[in-house]
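Next comes just one chain, in structure tokens: the form predicted on its own.
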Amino acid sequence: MTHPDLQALTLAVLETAKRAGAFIRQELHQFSQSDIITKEPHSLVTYVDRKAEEIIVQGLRPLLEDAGFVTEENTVDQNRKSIYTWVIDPLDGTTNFIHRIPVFAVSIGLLEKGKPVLGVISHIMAEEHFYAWEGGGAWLNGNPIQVSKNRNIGESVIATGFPYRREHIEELVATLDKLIREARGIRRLGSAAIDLAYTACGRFDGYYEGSINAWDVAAGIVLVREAGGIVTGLHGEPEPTFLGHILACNPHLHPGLSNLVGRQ
């Protein structure tokens, strides 16, 4: 496989994300409670998630013929062994979607030998399309974006997420307790992809989560890094895509935030 033109590839992926987003927006007021399936406690899915994933996979297949797929809804064979791997969350923020809270996104990342090199996040209802590729910077609707320059946790707004599984509530609450005392504000939007996109453009100063999946973060990792930020595991691990935990913020805040959230 020849090395792809990442800029051209990103723009093609963006069009696929927009098509999936248009379908999701169309279905927002069409589905009913009977369409909701419980995958596990607190984790929900609808036919909208699955159809959106099918749209995305169909759009991506011709772009890199031998690429593998890692997807949330398993509508395609899962394969991490290829040089290139698409990592897809067709509807990040399904619970928000079901409750018609307009905070949900399409998230599409591309890994090269396990490292994220391309990311597209489409915040559907806001019509905000975030995208980045390795060496190409990070962009929002055609305009370059950067992480915040805030140096002080006390002046920072930090985003986080809560796990579907509730086995480690004590650790989660203990970390929140520390941050509530230190930071200006804590936000929980219900979409890791949007948390990372907002960190990339400086709306949030940082984001962390202790229980997360690769499809939630693969695209956002590229966005934050290309916007000048640092993305690691909670304990400083350099490639967090498949770790199950993540910390993303500007370089000034990383040491202090890592110290606060890395002891969960």
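The first residue of the shown sequence is 1; numbering continues from there. If you're wondering where the values come from, they're calculated on a predicted model, not measured in any experiment.
Form predicted in complex with a small molecule: not shown, discussed below.
Student: Specify the contacting stretch among 137-145, 76-84, 109-117, 185-193, defined as having any heavy atom within 4.5 Å of the small molecule in the predicted complex.
Tutor: The contacting stretch is 185-193.
Student: Applying a 4.5 Å heavy atom distance criterion, does S156 contact the small molecule in the predicted complex?
Tutor: No, S156 sits far enough from the small molecule in the predicted complex that none of its heavy atoms falls within 4.5 Å.
Student: Wondering, does T71 line up within 4.5 Å of the small molecule in the predicted complex on heavy atoms?
Tutor: The answer is no: T71 has no heavy atom within 4.5 Å of the small molecule.
Student: Does E209 reach the small molecule in the predicted complex, with heavy atoms at most 4.5 Å apart?
Tutor: Contact check for E209: yes, within 4.5 Å of the small molecule in the predicted complex.
Student: Does I121 reach the small molecule in the predicted complex if we count a contact as any heavy atom within 4.5 Å?
Tutor: Outside the cut-off, so no.
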